[in-house]
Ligand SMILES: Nc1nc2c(c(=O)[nH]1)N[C@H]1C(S)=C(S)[C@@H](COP(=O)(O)OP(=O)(O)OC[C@H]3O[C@@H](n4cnc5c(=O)[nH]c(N)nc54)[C@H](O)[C@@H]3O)O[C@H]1N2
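A single chain comes next, written as structure tokens; it is the form predicted on its own.
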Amino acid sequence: MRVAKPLVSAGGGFPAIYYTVKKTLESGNPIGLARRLLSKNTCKTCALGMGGQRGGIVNEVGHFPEVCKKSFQAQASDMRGVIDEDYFTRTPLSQLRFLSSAEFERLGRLAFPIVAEAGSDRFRRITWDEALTRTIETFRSAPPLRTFFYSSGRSSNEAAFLLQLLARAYGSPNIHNCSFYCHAASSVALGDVYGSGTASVTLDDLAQADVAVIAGANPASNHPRLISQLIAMRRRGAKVIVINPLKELGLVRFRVPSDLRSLLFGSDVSDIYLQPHIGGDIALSKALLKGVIEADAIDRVFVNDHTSGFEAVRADAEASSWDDLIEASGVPRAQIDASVRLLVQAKRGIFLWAMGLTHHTHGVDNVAALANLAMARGWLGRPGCGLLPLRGHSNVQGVGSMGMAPALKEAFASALETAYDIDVPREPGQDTYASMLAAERGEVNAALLLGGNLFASNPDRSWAERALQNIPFTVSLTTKLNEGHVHGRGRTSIVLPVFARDEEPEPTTQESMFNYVRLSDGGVASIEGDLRSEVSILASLAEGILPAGRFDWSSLHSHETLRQEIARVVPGYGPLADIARTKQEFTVGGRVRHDAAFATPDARAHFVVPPMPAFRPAAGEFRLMTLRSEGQFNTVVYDEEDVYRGNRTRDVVMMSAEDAAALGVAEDDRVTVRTETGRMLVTVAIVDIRPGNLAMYYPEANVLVPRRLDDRSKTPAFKSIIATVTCSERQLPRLGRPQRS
């Protein structure tokens, strides 16, 4: 049987170098791109936290150089030309609907405000005065509870703090950030475990660990700089266990371009690669814990002195039969035993995960099960040990720290009330999905979207489009257009162009996944256009929408003033007050757990018994997950080719050779994938994935994703999908987009 082969023999390496050279030349200004990469600005891609005052390609512990393809993709994209006014004049919305994410990306930067009026078939250029006046008038006339506010993770701390302050002073608790559809399950689970929803470790802890367990994540594609840390771990004798249903090339072997030895000879990334069934993570975590218990490798001192709930977790593991755990997880006993041996031999360990664990109806339980294993070994509350959710966008954690959430902790809420003479409801507002449902019912008058692509972040593509287009008025702040500005626009939709982070006229700050706050100097815009700072726009809206007298809202045009406000209001952010003067970046206080003092009511870490999920396909059905490609960041697709998986297009369904043979299909055959929500005609791509499981690309396959959520975190289950596959010649819409008439 023909099988697609990856276009490279390892992740990174000379192909990555060639790619970065190509992107540099495509930018049209190689010297300018190099200056932007080296500038004192935090990297615009993942939340690993590169850049800041150490320089753009230096990590938090000072290592140079640290740079990856994602950085070049983002920088080159921001340096593209602009969309001219004539494009909007000649291109109706009905035509824009057929653009893919990659095609929107190639349009270039938005350089002036635009509006699509209710009933109009085109965007048109408008002035800033008109755009701001219409937005102010709309929100002043709308009941606050019939509005919502949304932020992506690319915004600065200053803009996010101002947005949530604007929303709360206005009277709306319906405040969301993009992490609620990604890592909310992590935050809920970690809150249960040790009272804080963020990582318990620093970057330096990886250098002290004896083992790293990476579950449901693909850092080779999404956090490439993390791979150099894993390779360094293995060189000093530490071990790496990867847990992923799909065998990812970059998690097997990688060539780090900044490391000559690795570049020339390649580096093994993992010692053991476990491939469970999609949704089999709890069974696998219980199996590993059962093995640790049987090996008498429980850290009894830590468990007895610093935790609660272990006996129930022990009883649950011991009552689970090996046969049931192996069948549910899909992982052979020999591989489980080999992994247990590595866990037992190690003195310190760190567990890392991403959406492979959180994007399920049991996402919180997935994370809790992994945390149980870490705590049983005593790997929490000391250096070189802990739990690390791999956050996506570069400031998604900072946006959350700034209060972009429907509920605040009491200390934060009280500080806001004292500082600004406002009432902060203690009852939470709508979560993101609840606001989408309200929009569908016609109960949302207006929405403000600070970056991102809320449309493509939702399950059930057709429903998401219906719901968002049912909102009478939306206003979006963005650097570039994306599918959300067309499919997810309100009946009247204003889109405002903003500076990228390294173009901001004043410094901004960001927070990494390691709770580390960095300062970005800003710079000069790479394009010519009528752009404004996010803070300037939001401050103008605050001046117009909020009643005068409570506070001098006009003072919040200043980034420095905002940092002073953040320092006196946001817990752990006191050092932000002086960061622009001292250039002293810092770790947020009270987050890192290097001792066994936990922020729970009883000061103990908590074990939780996670029930086994009922996610099981029937005969003839498959488990389906959606995932991102190597040429993609979040919903943004830079390149439709996925070199690591050997796919040249994105309209594919990835399956095992065994499943392909059983279906009687081969590589490149056309099949129809069906779920209860939709269907797609796609091409077969044969990959190394656990038989019985399928993978397709996000966000195109959102048309297949049912609207099911994790009950506690309200995270959509992009990886808990039951699907069927049939041979079909019928021409259905490809990539989840409408057919042309």
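Each residue number is its position in the shown sequence, starting from 1. This one's a predicted model, so the numbers in the text were calculated from it and none came from an experiment.
Form predicted together with the named molecule: not shown, discussed below.
- Task: Taking 4.5 Å between heavy atoms as the contact cutoff, choose which of S512, S155, S200, S285 touches the named molecule in the predicted bound form.
- Result: For this set of options, the contacting one is S155.
- Item | L477, V211, V652, V256 - the one with a heavy atom within 4.5 Å of the named molecule in the predicted bound form | For this set of options, the contacting one is L477.
- Can we say S187, G291 and I350 each have a non-hydrogen atom within 4.5 Å of the named molecule in the predicted bound form? Result no, not one residue of the spot touches the named molecule.
- Task: Pick the stretch from 590-598, 304-312, 178-186, 341-349 whose residues have a heavy atom within 4.5 Å of the named molecule in the predicted bound form.
- Result: Among the candidates, contact is made by 178-186.
- Looking at the partner-bound form in the predicted bound form, is V498 within 4.5 Å of the named molecule by any heavy atom? Flag for V498 set to yes.
- Query: So in the predicted bound form, does any heavy atom of I566 sit within 4.5 Å of the named molecule?
  - Reply: The answer is no: I566 has no heavy atom within 4.5 Å of the named molecule.
- Message: Considering non-hydrogen atoms and a 4.5 Å limit, does the named molecule approach Y516 in the predicted bound form?
- Response: Result no; Y516 lies far from the named molecule in the predicted bound form.
- Within a 4.5 Å heavy atom cut-off, is K70 in contact with the named molecule in the predicted bound form? Result yes; K70 sits at the interface with the named molecule in the predicted bound form.
- What residues of 273-296, in sequence order, lie within 4.5 Å of the named molecule in the predicted bound form by heavy atom? Residues within 4.5 Å: P276, H277, I278, G279, D281.
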